[in-house]
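Okay, so here's just one chain, in structure tokens, the form predicted on its own.
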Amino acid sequence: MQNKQKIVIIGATSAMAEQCARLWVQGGKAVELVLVGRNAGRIEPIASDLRVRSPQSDIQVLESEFLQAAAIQATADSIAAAGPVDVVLIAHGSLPEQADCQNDLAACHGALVVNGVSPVLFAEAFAQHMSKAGNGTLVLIGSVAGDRGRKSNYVYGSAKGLVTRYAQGLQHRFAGTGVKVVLVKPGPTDTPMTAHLKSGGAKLADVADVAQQIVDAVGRGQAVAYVPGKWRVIMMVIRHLPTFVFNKLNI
């Protein structure tokens, strides 16, 4: 009997992560899902829904501290101790107001830690175990905001820029091995985190479509996935704009 694929989702209450989880259990597939979040009570309704969708799957809920290195290490160690992990999706984060980060160093610190340092620590903790096993896929949710600093969101963007550079280094470290690293760079997506953007008239990608593209990229072991794909071209243009042109843009 073939063992179930073991998938760990860090930040399981995010809309993007929930949609990915649904895709991983659809079609009668039996998987082992470990849903990790800061509040087990908020994860449990998601787990219950997944159990209904896939009775043959094993759905676990795990509560963890996300901001302390020792707690992150302990979480990864406990999950790996129960058996090898095939996929880890690191999906947690927040979208801070740039003005708040400029005017409040505590808010700035929180945005940098939640969106940059914490995801990197989770990835590094699981990378230790995947390195020993010689197998597995680490998936980090970055952002197109990390491609070039812009006045509208440079604190958030710098945190996601950290995730990008880290993922690149991890890919270099594991080149030629059985460990894959997938960096996902979503554009603005219709989730509760971006509700204020939607109310302001922003055009947002459908979260179910974005999740499908993430799951497809993970299946291919794709190094970098812009989702939707149009953002690859958009951000290539923005990255290569001369500074004297870029500084005139209100973005």
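Note that residue numbering begins at 1 and tracks the sequence as displayed. Small disclaimer: the values here were computed from a predicted structure and weren't measured.
The same protein has a further form, the form predicted in complex with a small molecule, not shown here; the description that follows concerns it.
Contact check for Y226: no non-hydrogen atom falls within 4.5 Å of the small molecule in the predicted complex. With a 4.5 Å cutoff on heavy atoms, G136 does not count as touching the small molecule in the predicted complex; it lies far away. Contact annotation: P192 falls within 4.5 Å of the small molecule in the predicted complex, judged by heavy atom distances. In the predicted complex, the small molecule stays beyond 4.5 Å of every heavy atom belonging to I238. Within 4.5 Å of the small molecule in the predicted complex, a heavy atom is found for every one of S14, R38 and G142. This chain lacks the partner; the member of V85, A127, V120, V114 within 4.5 angstroms of the small molecule in the predicted complex by a non-hydrogen atom is V114. Checked against the small molecule in the predicted complex, the residues S152, S78, T177, S94 give one hit for a heavy atom within 4.5 Å, which is S94.
Comparing 52-60, 218-226, 179-187, 24-32 against the small molecule in the predicted complex, the single stretch with non-hydrogen atoms within 4.5 angstroms of it is 179-187.
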